[in-house]
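Heads up, the chain below is alone and in the form predicted on its own; it's given as structure tokens.
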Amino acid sequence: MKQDTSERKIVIEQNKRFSQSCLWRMQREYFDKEGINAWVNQVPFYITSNPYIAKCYAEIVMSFIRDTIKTNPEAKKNPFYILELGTGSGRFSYYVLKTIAELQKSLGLEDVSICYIMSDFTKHNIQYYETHPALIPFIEKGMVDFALYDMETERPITLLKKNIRLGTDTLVNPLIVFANYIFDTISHDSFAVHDGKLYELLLTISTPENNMHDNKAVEMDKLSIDYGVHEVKGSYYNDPHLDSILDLYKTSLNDTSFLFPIGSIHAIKLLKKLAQNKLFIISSDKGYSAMEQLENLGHPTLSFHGSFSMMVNFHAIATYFKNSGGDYFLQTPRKGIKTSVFYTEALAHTMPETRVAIEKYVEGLSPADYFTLHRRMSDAFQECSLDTIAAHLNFTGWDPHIYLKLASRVNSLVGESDADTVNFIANNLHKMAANYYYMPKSDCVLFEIAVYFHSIKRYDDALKYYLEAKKFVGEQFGLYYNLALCQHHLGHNADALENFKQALKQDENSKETQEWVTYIEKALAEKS
């Protein structure tokens, strides 16, 4: 009888410091192996990759650039570099680039040179960005560049297109950094406070034997994590800025566990040095932004979604900036992601416009608030009238992701809705088309835009978007069939016949398509 080994556990590592755990190697291997496919129904990213959050960041950045130029008019002579850490899918980058270009034009700042750096540690993602059709216009204008950059190493940052290295000679202006859903995926340390004492939490990782292959765990969500405790006495990091934060937690917190974002802080220290202490960071992530949120927490848990992520201790990052002479703005606690702004001492007193923008877009209607409204709309759209849906689409900045969820409802309401609302949507769909950012295995909003125009009998517009969609959806029965219908209604029967025949190749059993072929062939024969 064969022994059942499904429940036998293999200990992968024992009593390991969290930041030195094999978890982080496994994390890197996952993203390197999956490349752009990590963001196809695996790693969640919409919450930090929509037009609204891009608008928030772009507005803050342009306010910051205006403040910098007012303080130092010579700043216009040098580029402003925006470094996005862990770019991921690239959709957020595209929306920011697009919005910044629009703001430059409307604010009369087209003479300001801005270089947006999409960085990632894996070359697979960089290769995807370099050839993406939505990014090519920005590449050609020199507005976007790329860098293979590993946040947890001290290697230099070299721009692949311009072939220049970021350093004291190139970073004349402050370095602007975006860090979305990245601080939650790089190394942390873990601690606990009990009866006024500080303890390090040491990891032991195990997994079922059948989850091992070539001495490696196959699926991360099958890992079991246990913690051992070891009292911390004296200095832990041998860094007064960091050790003072641990001392603060030791004396201020009661009975709790907490994560310390050591990988993020090391990366920030390196960027500060690179930027000559002129660093401005905007970050959105899941996490804690206030001391009281760190009370009464259990031992840290990992959220698995292809990769894994953890709650970010934004309070610790903010305290680090404050301890080292800088400052911060943390979104007040509320449900959802937290948006935070950090800046170094050199910038702390020169940002009046920036502070107004931060108050509006971080503390006001924040990305977290936007997502809460989006979730409610997603749950209730079947109950909404077309004018409510139109208002929501306008509020979202004509977001393709949302329209793909609502398209069937929209098309079902067109016939019973007022002409003003129908035309309002139609007249703004070009904005949605401009927001389309192709992702593998995802639906194409250009096709759905075409269907909307088709349904309101604007056949020229429908034809245009069907043809645009063809580049992304390829050979499909529905595409050819709808193309042919539009061409027929426009009097282009020869073209319609060809596309009906193409549709028939995709589905030779379509009786309706065969009837169209017969009908148009007869009509063309009679006409000749």
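Small disclaimer: the values here were computed from a predicted structure and weren't measured. Sequential numbering from 1, following the sequence displayed.
Not on display, but discussed next: the form predicted in complex with a small molecule.
- Across the proposed site, 49, 150 and 180 without exception bring a heavy atom within 4.5 Å of the small molecule in the predicted complex.
- Note on contacts: among 80, 320, 121, 138, the single residue with a heavy atom within 4.5 Å of the small molecule in the predicted complex is 121.
- When you look in the predicted complex, the only residue of 465, 31, 480, 459 with a non-hydrogen atom within 4.5 Å of the small molecule is 31.
- Listed stretches are 180 to 188, 105 to 113, 448 to 456, 159 to 167; the contact stretch with the small molecule in the predicted complex is 180 to 188, by a heavy atom cutoff of 4.5 Å.
- In the predicted complex, the small molecule stays beyond 4.5 Å of every heavy atom belonging to residue 174.
- In the predicted complex, the small molecule sits within 4.5 Å of a heavy atom belonging to residue 88.
- Taking non-hydrogen atoms only, residue 340 never approaches the small molecule to within 4.5 angstroms in the predicted complex.
- Residue contact check for residue 472: none of its heavy atoms lie within 4.5 Å of the small molecule in the predicted complex.
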